[in-house]
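Encoded as structure tokens, the following chain is the form predicted alone, with no partner shown.
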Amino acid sequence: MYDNPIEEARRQAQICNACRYCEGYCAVFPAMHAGRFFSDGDLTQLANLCHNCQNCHYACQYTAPHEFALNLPGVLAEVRQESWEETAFPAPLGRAFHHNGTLIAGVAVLAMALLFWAARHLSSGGTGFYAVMAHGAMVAIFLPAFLLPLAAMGVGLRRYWRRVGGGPVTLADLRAAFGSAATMRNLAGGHGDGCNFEEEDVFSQRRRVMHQLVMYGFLLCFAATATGTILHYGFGIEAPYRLLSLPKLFGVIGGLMLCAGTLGMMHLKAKAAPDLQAPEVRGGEFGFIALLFTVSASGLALYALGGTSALEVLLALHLGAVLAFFLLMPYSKMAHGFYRLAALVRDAQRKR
């Protein structure tokens, strides 16, 4: 932990800028080498461009015991974490989750599951899930729980955009940013060999693959919800759906990918060196991954056992986990996906 991460990042960036050995590793170094002096906003942008692959650390000749004692992945992780906490709306909730994330996620899932358990008699006489809880009651609970965190996320991103000096966004900026995010180009380490994340000076694609499983698994689960909504309101076809329907195909495949990806992420993070990350917030990071795993695993269990006596318990657990996930979204590690995308858009602007 650094007493003043932003000043320490400025010192290390100036040394890196003079050396330039790591120029080809990731988007951080071309952006860093474009300037000679670094404002607080510049360092915030560099920190959010960094994907913590750690390749630069193991290639660096100025790490400890050299007197420069560089640890660029570690100090950028702390600057990045501070930027999320300071721009979150409201900021105290961001700080609380990052430092006590596992506890908060566990309590939130339990509390929301109890809420749905207590509301299980709000049935409209439907079948399947709707025999336990009416569709209208689910919408009434989830709609504000989805829109309010999105609004909070929008405030946080606006604050970030101002801090890093972002300008008007063009279609080309968005195309470049989404292209980089879709392939997770920066997790390839610049040379295509991957990260040095979990086994020190050994390249691996495992972290990139796990991130892709999580991202695309999440998007498929979202597609399952979206197609179910279209079938319900557009065609009057209500759940439960057949196995070979779009909601179930998207949901089952996405849930399996999300389970595999989150378990893999926990395994890799447990093996990684804590001093090359932000050690104080590792609890929050594990808490978020565990929350995402609970969402996907409980959803799959609901698919498998929805026709049994376990339906009420599993439905309350799954809906509670999903609701907790949305409510905590602006303050959990989920926010990092939005901030990274904003950093990639800002980097595309720099390259114009």
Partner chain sequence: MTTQDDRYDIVVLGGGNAALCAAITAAEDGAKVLILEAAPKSYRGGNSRHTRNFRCMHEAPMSVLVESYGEEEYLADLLRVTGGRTDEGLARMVIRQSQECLPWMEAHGVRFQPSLSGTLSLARTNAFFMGGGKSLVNAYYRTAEALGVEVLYDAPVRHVALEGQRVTRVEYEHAGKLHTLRPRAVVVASGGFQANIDWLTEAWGPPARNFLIRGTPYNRGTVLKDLLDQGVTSVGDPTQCHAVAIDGRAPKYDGGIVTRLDCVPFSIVVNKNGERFYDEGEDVWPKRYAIWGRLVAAQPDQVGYAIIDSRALPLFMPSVFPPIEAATLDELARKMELPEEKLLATVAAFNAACGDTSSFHPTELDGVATTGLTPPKTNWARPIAEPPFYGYSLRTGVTFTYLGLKVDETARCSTETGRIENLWAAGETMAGSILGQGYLAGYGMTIGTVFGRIAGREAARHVR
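Residue numbers count along the first chain shown, from 1. The structure displayed is predicted, hence computed values, not measured ones.
There is also a form predicted together with the partner chain; it is not shown, and the following applies to it.
Contact flag, His267 vs the partner chain in the model of the complex, heavy atom cut 4.5 Å:
Looking in the model of the complex, residue contacts with the partner chain do not include His267, since no heavy atom lies within 4.5 Å.
Can any non-hydrogen atom of Tyr25 be found within 4.5 angstroms of the partner chain in the model of the complex?
Yes, Tyr25 sits close enough to the partner chain in the model of the complex that at least one of its heavy atoms falls within 4.5 Å.
Taking the partner chain as it sits in the model of the complex, is Gly189 in contact with it (heavy atom to heavy atom, 4.5 Å or less)?
Result yes; Gly189 sits at the interface with the partner chain in the model of the complex.
Should Glu200 be classed as touching the partner chain in the model of the complex when contacts are defined as heavy atoms within 4.5 Å?
Glu200: contacts the partner chain in the model of the complex.
Which residue, Phe286, Tyr303, Phe293, Phe68, has a heavy atom that falls within 4.5 Å of the partner chain in the model of the complex?
Checked against the cut-off, the match is Phe68.
Out of the stretches listed (40-48, 53-61, 306-314, 320-328), which one is close to the partner chain in the model of the complex, meaning heavy atoms within 4.5 Å?
The contacting stretch here is 53-61.
Interface residues of 4-35 toward the partner chain, as seen in the model of the complex [heavy atoms, 4.5 Å]
The stretch 4-35, when checked against the partner chain in the model of the complex, contributes Gln14, Ile15, Asn17, Ala18, Cys19, Arg20, Tyr21, Cys22, Glu23, Gly24, Tyr25, His33 at the 4.5 Å heavy-atom cut-off.
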